[in-house]
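Read the single chain below, which is given as structure tokens and is the form predicted on its own.
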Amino acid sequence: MKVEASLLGQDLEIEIGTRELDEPGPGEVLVRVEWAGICGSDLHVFRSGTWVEYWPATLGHEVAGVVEAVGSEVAFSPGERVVLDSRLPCLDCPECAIDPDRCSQITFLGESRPGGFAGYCVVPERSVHRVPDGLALEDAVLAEPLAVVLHALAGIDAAPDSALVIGHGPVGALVQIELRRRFEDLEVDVAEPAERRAQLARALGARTTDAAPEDRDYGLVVDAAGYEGSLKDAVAAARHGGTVLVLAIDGRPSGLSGREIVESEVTLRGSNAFVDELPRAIELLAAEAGRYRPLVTGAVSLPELPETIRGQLASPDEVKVLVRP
């Protein structure tokens, strides 16, 4: 079937066109996309082409929609409202033989097969999760990025004495929201130079600065920015023995020396995607969608997506923009 889709060429130019989608095969589900979220990692791919395995690519891994059709041996039915797990395990490696959630060759929707910046997408049944009654799809689409943050914060069981979030894009904003949900008395500072993002951080209860402060020691520092040198700034902002959690994707040199890690005795931890947190994210959204809804600062149609992406690449000031194909 032919579907309207966003197409990213190898020259990294974006256009709206049509692409051919196969009908769902055994164990597959055709989903009519109602909402798709623009993620910071999408912007990284639009800028660099990293991870893409086919061209032209249709990105979009944060997807909420409605089952349109199913292949054989599928437990879903047309008309069911769903959100998608962005991860695509290979199902062929030794890790997958034990647990596909630990796949060493994992890829992601949009990068290895057409994703949600389109009218429809086809995914394996294991990627599909039902949306409970009462949860609007425009809220449910936040489940995937919320699962990323739940996974990142999984090891933080007690409130830190203070916290700094560097970067208030989609992930940084969700980190702030989730920290305050867990530890309502925790002071969370946010370093964010874009005024619109900083305004949201303040509305959610944070003190803001344009840059990571060097004159305060934080028990927890989250690098959700990924600018050149952000990791070094994060370590400098952490107190002796504090924790630095790295969520940003950036391949540039950090300028960080081993000596700085050793002498500060910080715990440096990265977090990639999620494991089994998506159902919990759906539960949280169903219970109190209003807590997370302020994250969404814009919505566009599919024809508006290329200009929106170009604007965000040039000057990111929105937090979470949703696309409604």
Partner chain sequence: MNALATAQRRTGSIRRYQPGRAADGGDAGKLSSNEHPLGPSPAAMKAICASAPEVHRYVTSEELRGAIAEQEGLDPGRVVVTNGSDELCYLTAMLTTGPGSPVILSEPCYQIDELVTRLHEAEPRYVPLKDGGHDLDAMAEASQGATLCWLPTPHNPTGRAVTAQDLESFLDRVSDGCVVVLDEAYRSFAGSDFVADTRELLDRHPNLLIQRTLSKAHGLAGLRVGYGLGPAGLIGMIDAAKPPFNVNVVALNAALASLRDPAWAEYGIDLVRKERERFEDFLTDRGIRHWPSEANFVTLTVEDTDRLQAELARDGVAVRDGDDLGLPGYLRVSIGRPPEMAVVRGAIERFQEHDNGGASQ
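Keep in mind the model is a prediction, meaning the values are calculated, not measured. Positions refer to the first chain, counted from 1.
There is also a form predicted in complex with its partner chain; it is not shown, and the following applies to it.
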Worksheet item: its partner chain in the predicted complex: within 4.5 Å of a heavy atom of each of K2, C90 and V123?
Response: no
Discussion item. Tell me which stretch of 152 to 160, 134 to 142, 72 to 80, 242 to 250 has a heavy atom within 4.5 angstroms of its partner chain in the predicted complex.
Written reply: 134 to 142
Worksheet item: Pick from T209, Q199, S112, Q105: which residue has any heavy atom within 4.5 angstroms of its partner chain in the predicted complex?
Response: Q199
Practice prompt. Taking 4.5 Å between heavy atoms as the contact cutoff, choose which of G49, G298, P279, G27 touches its partner chain in the predicted complex.
Written response: G298
Worksheet entry | Residue contact check: D185 to its partner chain in the predicted complex, 4.5 Å heavy atom | yes
Discussion item. Under a 4.5 Å heavy atom criterion, is E304 part of the interface with its partner chain in the predicted complex?
Written reply: yes
Item to complete: Verify the contact flag for R269: yes if a non-hydrogen atom of it lies within 4.5 Å of a non-hydrogen atom of its partner chain in the predicted complex, no if not.
Response: no
Discussion item. Given that its partner chain is not shown alongside this chain, does A194 nevertheless sit within 4.5 Å of it in the predicted complex, heavy atom to heavy atom?
Written reply: no
Worksheet item: Are there residues in 278 to 295 with a heavy atom within 4.5 Å of its partner chain in the predicted complex, and which are they, in order?
Response: R293, P294
